[in-house]
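As a starting point, one isolated chain is supplied in structure tokens, in the form predicted alone.
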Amino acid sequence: MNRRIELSPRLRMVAELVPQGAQLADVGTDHAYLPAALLLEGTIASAIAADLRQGPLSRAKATVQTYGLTGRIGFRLCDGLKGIRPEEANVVVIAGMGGETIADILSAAPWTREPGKTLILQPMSTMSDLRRWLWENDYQILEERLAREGDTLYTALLVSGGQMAPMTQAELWVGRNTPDPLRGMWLEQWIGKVERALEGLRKAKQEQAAPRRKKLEQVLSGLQDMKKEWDTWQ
């Protein structure tokens, strides 16, 4: 049997942020590929695979059985972290969900801000809302990474409790600049999205659209400045 699970680029990015020896809680685990892969690789000491629905947990149990990991991963049918005690996990992964859903899960589990807890978050949407929520609720983003699958770029955030320096509107949308080789493509992608949104608002010519248009113009200017900064690093 192949004793290694080939993770997708998105999940491999998340896996690389997990520290050695972690007690992992994987929220929204689906097939449990991430905790199973990390156990097989010897990265983590233990794992809990949690999901809101029985179907994904059944798939997770099948993965565990296939790779000979029975008894090494616990399973929880629960909403977010509500079925996991703070002492059971020092690293929490929440991947493949919207930013607002991730914020709701963390809001219901304030222990995730405690010293010694590490969060690895991989939002699929509303990323600016998640970054703002983290900033306003005493979490700090320690690092952001990017991965590419086909034509799609994904980001992962390494987070812990603590105060974070204020972020600009553009940084809330795309994170702070890093020398990541995919960063230029990430910025170009978001510049294009904002430009298309602004074009739509300009065509609407509705008075109530003015505040939204002004905010997007501010975001676009910030993104363009960040792209220029990133280009100077190359």
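So that there is no doubt, residue numbering starts at 1 and follows the sequence shown. Just so it is clear, the structure is predicted and the values come from calculations on it, not from any experiment.
Keep in mind that the form predicted together with a small molecule is not shown, yet the notes after this line are about it.
The candidate spot formed by Ser128, Glu144 and Gly175 is out of contact with the small molecule in the predicted bound form: none of the three has a heavy atom within 4.5 Å. Contact annotation: the small molecule lies within 4.5 Å of heavy atoms from the stretch 77-85 in the predicted bound form, the single such stretch among 136-144, 112-120, 149-157, 77-85.
Asp180 falls outside the set of residues with a heavy atom inside 4.5 Å of the small molecule in the predicted bound form. A residue is said to contact a partner when one of its heavy atoms sits within 4.5 Å of a partner heavy atom; Thr101 meets this definition for the small molecule in the predicted bound form. Interface residue remark: Ile105 is counted as part of the site for the small molecule in the predicted bound form, having a heavy atom within 4.5 Å. In the predicted bound form, the small molecule sits within 4.5 Å of a heavy atom of Asp51. Only one of Leu17, Met226, Val219, Leu11 comes within 4.5 Å of the small molecule in the predicted bound form through a heavy atom, and that residue is Leu11.
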